[in-house]
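Two forms, one chain: they're shown below as structure tokens, one block per form, named structure 1 and structure 2.
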Structure 1
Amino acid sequence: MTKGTDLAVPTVFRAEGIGKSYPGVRANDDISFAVRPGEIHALLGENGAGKSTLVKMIYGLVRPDEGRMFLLDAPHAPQDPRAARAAGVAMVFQHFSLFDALTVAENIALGMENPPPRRELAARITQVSHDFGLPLNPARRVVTLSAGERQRVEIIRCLLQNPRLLIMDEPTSVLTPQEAELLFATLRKLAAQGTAILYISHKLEEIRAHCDRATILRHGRVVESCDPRAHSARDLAAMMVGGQMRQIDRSGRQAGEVLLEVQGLSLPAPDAEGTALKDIALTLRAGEILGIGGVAGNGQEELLAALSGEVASRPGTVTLEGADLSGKGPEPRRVAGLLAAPEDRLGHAAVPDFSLIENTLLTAGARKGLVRRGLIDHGAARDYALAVIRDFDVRTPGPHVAARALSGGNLQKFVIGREVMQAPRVLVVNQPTWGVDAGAAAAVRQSLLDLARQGAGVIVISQDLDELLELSDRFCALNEGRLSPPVPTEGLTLDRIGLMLGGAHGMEEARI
């Protein structure tokens, strides 16, 4: 293990003494590292460690204040992303940069300098997406795609550019394990052809399995450079945070009275590409965490919308502590104690251009008394936003910062903290640790366990099976809009989970 890297080795990209500052924040400080031909190089660090700022400079979105960058030994100082792409740099963003109203092919064409005729482009998209194991229909409108499918669009758009340096920011966050394995098979093929890959991920076992080297950032500085395969995930996490990871505490919980009952919940698909919910039934008790797993696009977003009140259902289908909430919208359900945090944090859970204070008002206004008789208590709203920032370690200069200015992981911590600190009776969360570093993921998961310990019921919808097994007391699988009967997670094997995720609903008996 060494700090920095040997800049004398042939490289595709290298940085020397890169620095970048914002008001009140030193985002990058004297960063030097290199990425070699044919290498999958991990860039690790906590949320807010400076990873996103660094790759934005490589891609031409941000200009460094000091230092130099080189691409294929030539000075690299792109004025904008177009110049970076022309030089051979492609980037898959963590937050999707897609137009909902356009089709897959139209979105991909927008990212190309000289797109081919539409029919030819559609054929290329179809061929490349199937070769990579990430099938896409070029004619589908993006608004109809799940988060996992939108990520596929970003990946295919970049790979069509045949880049020399491919930057990937959390590309597998919303992919299934099988999709992720196929993606890595493709990355290895690209690497074998000499493409350099700069890979950002908080999935440390993924890094250990697939990356050749790792550069670790902490507070904007390079603190280590190592072979991740030679270290455990816990060791890598300790390097990132500068200390040992805390253990999850599952103690002190026991199931109490039934809080939430869902019976016969059936809803049509919201659009031609959505998923209909089919006779959903579940119960949730006080102090319990119910885990719901499934491959992206099997009804996760539709189920959260039905539980949160974004979509109404027929009477008697959603009951909280004996009160029928089926026809109620989101705000009455929040007042009653049923809260939700959706998967799409930037656009659904938070308004990108609103400050953190304003985003706090969106969901906590009534429960925290931030709005009274139609008037906003700005002081109370600011204090609540500050409390969320403090208690959930959100790295930001202050509560007046716009949501879009936060790193993905820090915004996720803010969204989860905003809901948890309202003391809900029932909290439904979708992908609670998507794009969150190992330390922050442990903190978010602990907050959900603590909430259940205090007597709340929690539903965790996630594609991360390890997360579900770690958190939940019972497990259900969602497949094509149907929810399997729940089974205890204790002793649950991955083979059995695989059967459930594949739709083998009749093989499981409910054991409550």
Structure 2
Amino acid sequence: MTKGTDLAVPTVFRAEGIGKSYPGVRANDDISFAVRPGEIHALLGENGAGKSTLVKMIYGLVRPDEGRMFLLDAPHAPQDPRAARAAGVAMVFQHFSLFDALTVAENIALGMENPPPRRELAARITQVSHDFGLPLNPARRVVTLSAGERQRVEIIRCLLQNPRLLIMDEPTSVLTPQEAELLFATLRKLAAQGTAILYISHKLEEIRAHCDRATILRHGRVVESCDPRAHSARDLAAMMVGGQMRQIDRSGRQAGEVLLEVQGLSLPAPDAEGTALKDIALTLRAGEILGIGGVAGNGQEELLAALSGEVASRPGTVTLEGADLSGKGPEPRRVAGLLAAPEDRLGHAAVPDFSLIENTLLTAGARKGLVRRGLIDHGAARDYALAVIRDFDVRTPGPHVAARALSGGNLQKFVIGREVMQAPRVLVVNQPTWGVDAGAAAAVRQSLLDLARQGAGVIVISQDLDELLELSDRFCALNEGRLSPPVPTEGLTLDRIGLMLGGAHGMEEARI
């Protein structure tokens, strides 16, 4: 028997020798593990380690090639998610599937097999949200909810089905620290009632603090099933990536002259769901990394668009080394040395259907001489793509592969590499390691630090506070389109940051 499966203890869910292959990839190989009642069980692994494939099989989205699964000791082979739900499996996805225009109750009703009458449903939502400490008003429209509240809608939708096994896919990636604490309190209550929770994450501290067991996957295989509290985060990371984690090297940087100056930057919301930017001011020096924290949807995308040049602003609001770029588009800004890497890799930072070669043309045409007088130099583009692939360790069969075929981490390394290797004066990145495995995240962070060491200024917009503390010299919070004054990162605690993210009035914290 593979380690981690002990038949003497009752289990809610058990996998035995699960295997799944895709063309060219062995996604899961002989995976066995068990989840016990009342357990918060972490599924830990890098992107591409096979976590998603595994839970998709449990949830009936994918069928295993070999092996068996048991739910409450009955064979579990769901044809589709509906069958899985009927058997008692519920799943909260990383990306929410909610209709903005509908209310909370309507959204929940849409996701149920046999929704009760509207009034009864509203009462049950209120009941469940009360029982589990998830404050939510069933009559509110989803468009008005924060990311944390949207997640609560998804969770309550699952809870109404009384699941025996609840799968959560990276649930805290969109939450503030306080919201995350609240989520864990809820999960604890659920576990106390005997529900088993399968918790997918790569945030090691979080898993060590809250999970009872961890099954660690690497290259589609189970490498370890252990009690995460008995190991240090470094040990867990080493198991996950199969070697020592690269230490982040922050040394050798010195703040120099002012490179980028933003003053009085105000922009209306681009659409109904967008956020207006209100009187943003910041100064970025050479060799400095400025961290901008905040929960997504507070103006991060809008700020990046205003800096990248996708949206123009009033004269004098964005100045790079004395040159006013406020009215310039993305291409002149790149020529001037202001580069950006948006959050959304597929469809914004890269064209999914285009090859990596073609994707270099998206931003590197001018600075790398890939385009001269409007003519594309395909050879140069290919060479540049190969250089990025080599220097940033992008795992791909070759530069001709479409961007969409790369894993999230690899595409992110390509996108960051494409910008970093253009030697920008200022680089602005939004969520540089979102959904990226630990190894790739470390590589991306190190490349940003190296860039700053060479005298560039870097702005990192991120929801990952650990990342911001690790990288940045100064920290600002972006909240409802307003940017707080910067504070030095040295000596800043997560609690303090959480309060800053709550906004000036601190209401966020009070509500939770």
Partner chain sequence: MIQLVPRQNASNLWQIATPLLAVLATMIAGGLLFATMGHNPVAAIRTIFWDPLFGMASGYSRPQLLVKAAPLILIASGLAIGFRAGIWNIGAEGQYIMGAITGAAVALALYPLEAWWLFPAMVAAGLAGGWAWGMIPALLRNWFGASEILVSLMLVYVAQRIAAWMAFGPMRNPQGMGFPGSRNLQQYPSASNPELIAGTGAHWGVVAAAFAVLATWFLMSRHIRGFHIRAAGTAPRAARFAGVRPAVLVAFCLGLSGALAGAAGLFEVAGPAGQITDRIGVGYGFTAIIVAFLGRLHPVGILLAGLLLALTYIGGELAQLTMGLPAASVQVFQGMLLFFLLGFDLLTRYQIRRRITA
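Just so it is clear, the model here is predicted, and its values are computed rather than measured. In this text, the rigid core denotes the largest set of C-alpha atoms whose superposition between the two forms falls within 1.5 Å. Structure 1's sequence is the ruler for residue numbers, which start at 1.
Checklist entry - The form predicted in complex with the partner chain: 1 or 2? => result Of the two, structure 2 is the form predicted in complex with the partner chain.
Item to check | Post core alignment: Thr195 C-alpha displaced by 2 Å or more between structure 1 and structure 2 | outcome: After core superposition, the displacement of the Thr195 C-alpha between structure 1 and structure 2 reaches the 2 Å mark, so yes.
Checklist entry - Superposing on the rigid core, does the Cα of Ser32 end up 2 Å or more away between structure 1 and structure 2? => result Yes, Ser32 moves 2 Å or more.
Next on the checklist: Superposed on the rigid core, does the Cα of Pro432 end up 2 angstroms or more away between structure 1 and structure 2?
Outcome noted: No, its C-alpha moves less than 2 Å.
Item to check | Per-residue Cα shift, Arg234, between structure 1 and structure 2 [Å; core superposed] | outcome: Residue shift at the C-alpha: 2.4 Å.
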